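The same protein chain appears twice below, in two forms, each given on its own as structure tokens and labelled structure 1 and structure 2.
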Structure 1
């Protein structure tokens, strides 16, 4: 697979890589809703912690940002719709559209939350091996009755392998079409249909090949679990995450 991809595991030895996968997964599950509920002060604290802690994890940020460049369009759309359609005092009027003060505030806040949730998820995916994600999911689900956690684990393992493959295939299909001057076509409908269909066909074919490759090497529900031990430093890490979550959701309880 060419180049480092977003959502793709990047091997390493950083503290985040060594953080126990079970506690790391629980942390992700706690952080995401906390971020979405947080106000600017909490977000600022979390952003600072994120930058301070993951700056040295040795992740390929440039590649991740480049791969997610289309995410920027989503953010812009979210920001604009909030900024324009939220009632409030107009701060900037451009012809028929007016940006309101409350709208700009709520748009910026929402984008900030989205960026942080995505970044947290990316960091999790980049520092957690698929076998660890699988083991953590099995561990989390094992106390839940009626859920065949081993089978869910196999599915999670497959999905984790499939996502980078889909992104890789999208890149290949785009290059193959650029090589034949798809950019000369201005009609977005034409481009979308002529991109989506070949891409879907390729993805199905590659998913099929991946399934064969995994089956040929006895991929199944059992197998050797990864060695997982919770060290004292892991508890400290989980504690820090809990404190961050409390800081972020504080506003929900203390108005």
Structure 2
């Protein structure tokens, strides 16, 4: 499970760990679109606030960066596609490929946004237990008619629990491939099929085992949620998040 550490809950006593999960979930829902709509000035303010508030959370950032190292390929692809195909003044020409000024700016800005959204989500997952996430989802959906909030909460809680399991199984499958020298095969279709099919087989098998274990324990969606109390400091934290969101989107609506 070490390979999935970035997506696992990490116990702690920091302010982020003690932050009410309901307000924390609402804060995440507000921050994500605000980050994607923000301009560089707002992103800089949020980046500074993110470093300041998470410095004492005790999270293993080195392991998180290592586990998300392949995320850099996605960022590189996004940056190159925007830098090359966005119209603008060429700033670097490499044969038939030209990097434009607007493309470089747009690619860097979009990658910055993706990094902040991903980091915010990881902080939420690392400081919020799955049962608290389930309770927060049920609380948010309870006023909405015709939606079974308890069932949705159970599904979200299981997804949070299963993501580390899926990543762990992917790591085991890759290790098994290396032991059998599958990575030495040049045919990408052969490598992909011999990675995806065994991994999917094991994931489905473990999902069946989980369903049988829940049924054997008479598990149902009407369990007692954890006790949650919103403290005054939680309201202050939610207010700080709201202020950050307003700062980030201010430049979008005000010329």
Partner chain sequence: MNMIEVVDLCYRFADGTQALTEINMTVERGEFVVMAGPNGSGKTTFFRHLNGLLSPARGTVTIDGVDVQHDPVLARQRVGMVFQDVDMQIVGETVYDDVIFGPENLGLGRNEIERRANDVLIMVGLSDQRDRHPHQLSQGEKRRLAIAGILAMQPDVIVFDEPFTHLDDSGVCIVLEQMLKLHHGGITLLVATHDLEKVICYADRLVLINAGRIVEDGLPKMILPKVEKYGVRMPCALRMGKEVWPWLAH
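Residue numbers count along the first chain shown, from 1. Note that this is a predicted model, so its numbers are computed, not measured. Rigid core here is just the name for the largest C-alpha set that superposes within 1.5 Å across the two forms.
- Taken from the form predicted on its own is structure 2; the remaining one is not.
- In the rigid-core superposition between structure 1 and structure 2, residue position residue 187 carries a C-alpha shift of 2.6 Å.
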